[in-house]
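Only one chain is given next, in structure tokens, and it is the form predicted on its own.
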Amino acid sequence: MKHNLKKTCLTASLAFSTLLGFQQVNAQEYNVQVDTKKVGSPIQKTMYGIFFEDINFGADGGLYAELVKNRSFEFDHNLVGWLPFGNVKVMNSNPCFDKNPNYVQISYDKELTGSGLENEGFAKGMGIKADETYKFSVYARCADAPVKLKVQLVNSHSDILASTEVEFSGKEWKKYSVELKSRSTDAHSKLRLTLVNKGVVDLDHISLFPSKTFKGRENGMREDLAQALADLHPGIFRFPGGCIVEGTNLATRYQWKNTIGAVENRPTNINRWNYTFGDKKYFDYYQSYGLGFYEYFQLSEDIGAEPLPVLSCGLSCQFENHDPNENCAVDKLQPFIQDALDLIEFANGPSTSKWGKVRTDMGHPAPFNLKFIAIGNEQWGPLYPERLEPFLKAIRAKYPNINVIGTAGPSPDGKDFEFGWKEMKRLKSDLVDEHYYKDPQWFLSNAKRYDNYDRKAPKVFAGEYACHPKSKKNDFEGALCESAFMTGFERNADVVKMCTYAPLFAHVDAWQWRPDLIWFDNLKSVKSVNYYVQQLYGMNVGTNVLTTTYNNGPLAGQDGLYASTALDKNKMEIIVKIANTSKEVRKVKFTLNGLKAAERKGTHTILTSDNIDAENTLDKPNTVVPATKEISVSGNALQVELAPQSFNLYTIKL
């Protein structure tokens, strides 16, 4: 973890209540039994992961480091994001790129005002940092004589942060690149382009990237946001959605083949979050596909997560579109099915295969080792299983080792959910994707949700979940309830194979949905309290469940306590996770049955606040963060006093 942790040697029985100012201690001691000899179900490395969808400007203007909005002039209104001055025209004859045919033609015939363009960037500007270098690139051609273009970074007060010139020549399209180094920092800067001498020039795919990207990748990710993902230690990475997979209609669905190959020739697509919420419309919200499937796979590899792509099943969004003509008929699904088969070949095929060669030509000869694929997002009713079935047959016939994930719909209960599960069992889907955005009480009341699931049924993927307090903010209450609920994931690792919080990113100046795991502006980012819960689970997965009981049953809500225990065979340690959601200190004794009495070292990490509404913000990012202390454990019992409203994680070395 990135924050500084003060480590002090304490005994496990130290009264944290005194340290935190809580004086009242419940006299009752909760005796919890942990069986250390009978190793339970394996916990998959994929158990805790992340889900990315391009909502809240999560891709363009967020994770994807490109700073220019509408760089190829392909938005429905071609100059959105651009302020032209002088003589500027949008053209499309003899284009540089066939899938992005628009470009601008600039003529120098306005000597007083000049001719050129300014780009406003995303969400009120471009985040430019002092002493950082930025790479400007453009495709250009001249009508006649060579022309020069002045390239400038301009801050919100119209001060010049950096300036250089580039000269164009020749009547054929060519790529030009220059670098600019900023002299100061500004969150709301612009890119200004001005012709210097008389002439006519055509410009296309105008781009500005920070030289520093995550892992130094070309066409890369914003460094702080991608690092925040890596710091979660995710086991699985689900992408690219979410509802954008479906599209409002089939034409606007996410098509992975449009997102690979040359970045300059990936066709722009409108983002459905452009218009979905009437009170949160963003008419400049499009997908450049600069962050495409190749980049998703590469990012999965860079952060150590298994990739989990989601593909359309041939149904448009059932929330948004009720026109049956916007659903692909079952007998016409073959192109959709072929897309799924081709994607697996793109990810795993040899360089000699058609799609494996595309991957190789893009710079990754080795396979991405894809193991999972999801078909459909939140579909429900009979329309979905009748379409999923031919996908399953085709994928299993050609790629029997690929795990196919189906969905039980958008809700965690009700008739549609029950029907979905019945059909997933019939079709023998490898995993079933469950989604739930619920209030705090639901999360606490459902901590035993998976205790009675059918152990012979398909396994569970909790693909989208988040606690939604009344404030709909990322406050401590939601995070605490999630920490309690997640003990049920771990306790039932034979049923739940993976889970991913949602959504992942949100720009503070351009969001449609909250709460979200990571918030950011044009320069900074902040990790929510929920983030730290996910990180603590992700960094302390363990390899096997250890049976943990209180009064011969799970500790899952009694007097506000929720617990699970895992063994990590690799680190040779026992990991105890316990949430106290009550407003009182709780005394708990974990008896480690089967463990020889000895003096053992360990740690105690606590996430707590006496303010249930507390949240981390860009201005106050460390309001609620974990604190870790070293502990020692005597004998074969861990005796603790849990602070009110706290999530606690203990590790005990064997």
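Computed from a predicted model, the values in this text were never measured in an experiment. A residue's number is simply how far along the shown sequence it sits, counting from 1.
The discussion below concerns the form predicted together with alpha-L-arabinofuranose (AHR), not included here.
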Completion exercise
Here the chain appears without its partner; judged in the model of the complex, the stretch of 543 to 551, 321 to 329, 561 to 569, 500 to 508 with heavy atoms within 4.5 Å of alpha-L-arabinofuranose (AHR) is 500 to 508
Handout entry: Interface residue in the model of the complex among Gly247, Pro309, Gly314, Gly242, criterion: non-hydrogen atom within 4.5 angstroms of alpha-L-arabinofuranose (AHR)
Key = Gly242
Exercise for the section: With alpha-L-arabinofuranose (AHR) left out of view, choose which of Glu295, Asp475, Glu378, Asp204 has a non-hydrogen atom within 4.5 angstroms of it in the model of the complex. Expected result: Glu378
Exercise for the section: Look up in the model of the complex whether Phe346 has a non-hydrogen atom within 4.5 angstroms of alpha-L-arabinofuranose (AHR), and give yes or no. Expected result: no
Practice task
Please run the contact check for Trp273 against alpha-L-arabinofuranose (AHR) in the model of the complex: heavy atoms, 4.5 angstroms, yes or no?
Solution key: yes
Practice task
May I ask you to state whether Glu490 is within 4.5 Å of alpha-L-arabinofuranose (AHR) in the model of the complex, using heavy atom distances?
Solution key: no
Exercise for the section: State yes or no: in the model of the complex, is some non-hydrogen atom of Trp513 no more than 4.5 angstroms from a non-hydrogen atom of alpha-L-arabinofuranose (AHR)? Expected result: yes
Handout entry: Heavy atom contacts to alpha-L-arabinofuranose (AHR) in the model of the complex at 4.5 Å, residues of 418 to 437 in sequence order
Key = His435, Tyr437
